[in-house]
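Just the one chain here, laid out as structure tokens, in the form predicted on its own.
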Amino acid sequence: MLAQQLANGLVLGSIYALSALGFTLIFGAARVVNFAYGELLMLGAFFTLTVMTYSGLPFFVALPVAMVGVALLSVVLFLLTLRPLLRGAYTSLHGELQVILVTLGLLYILREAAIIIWGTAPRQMDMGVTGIQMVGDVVMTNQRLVVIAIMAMLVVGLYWLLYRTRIGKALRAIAQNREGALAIGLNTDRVIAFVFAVSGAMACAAGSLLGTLYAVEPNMGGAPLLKAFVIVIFGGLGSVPGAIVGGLAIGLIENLAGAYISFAFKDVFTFILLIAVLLLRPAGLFGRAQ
């Protein structure tokens, strides 16, 4: 029983980690808490489902297409709504509040747009993977194993991007010292737009995987957004390792609490952990106090 719950928690934690990675990338580079991120996750699931429905493409071909679409949408939203505000956001509290309010406004606009286009009825998305694997008493569907594998591949790709490419070095430079990056001539707007593209692609992957396990509907982004917010605080705002470890930890905690205590109150333990981290280590597990 315990091993089965740990395996289930690993699957859920993988999706949470993907959700939190895009969220924490945006904060690390742009110092923006993007409350519209959950709706990008939801739109990613709908984009993937729509590509599959109208083109007949299988899930594993439709997913990259949808990731490109959500990445472009994320960049457009950044250029039209956030870029004009970001300069003021770094110099005043009023500017930061403006950015937060804009992302909250985008949250509702994107959700209502999804309702107008696709309606409110939940839809099923078939990954096209069947069968199960058994290791001792642990039963895992091949679909869930694919979820873990996709998460691992995207994390490896993200680390390669951050630490083996010039754009990754520029991103890390801006995250560490924005003024210094500007002083040496880095185009911060271009780098931040790239970060929004990557975060949109990660959100699309997380939403699509979540849609294959549960259902695709316009309100599906709310819970992952809240969990992503908890995870990045738990792991440390702007920390990629913190997002991965935090996502896996929250997934395990939720499954264990739901199985052994009460499924109805599983979210309570997540927020108890959040409060404990804020009291004992406000910067998060991998964050640094400034």
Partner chain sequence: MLEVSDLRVAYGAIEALHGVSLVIAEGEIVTVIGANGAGKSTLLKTVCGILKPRSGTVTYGGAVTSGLPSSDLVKRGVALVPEGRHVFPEMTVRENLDLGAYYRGSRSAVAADLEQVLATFPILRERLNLPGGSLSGGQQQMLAIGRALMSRPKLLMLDEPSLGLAPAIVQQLGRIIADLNRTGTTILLVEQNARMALKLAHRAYVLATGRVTRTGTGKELLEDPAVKESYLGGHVG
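The structure displayed is predicted, hence computed values, not measured ones. Numbering follows the first chain given and starts at 1. For clarity, a rigid core is taken as the largest C-alpha set superposing within 1.5 Å between two forms.
Form predicted together with the partner chain: not shown, discussed below.
Report the stretch among 170-178, 113-121, 78-86, 131-139 that approaches the partner chain in the predicted bound form to within 4.5 Å, counting heavy atoms only. Residues of 170-178 come within 4.5 Å of the partner.
Interface residue in the predicted bound form among Leu213, Leu186, Ile109, Leu72, criterion: non-hydrogen atom within 4.5 angstroms of the partner chain: Spelling it out, the residue with a heavy atom inside the cut-off is Leu186.
Any non-hydrogen atom of Leu182 within 4.5 angstroms of the partner chain in the predicted bound form: Yes, contact at 4.5 Å.
Superposing on the rigid core, does the Cα of Asn187 end up 2 Å or more away between the shown form and the other one? Superposed on the core, Asn187 moves its C-alpha 2 Å or more between the shown form and the other one.
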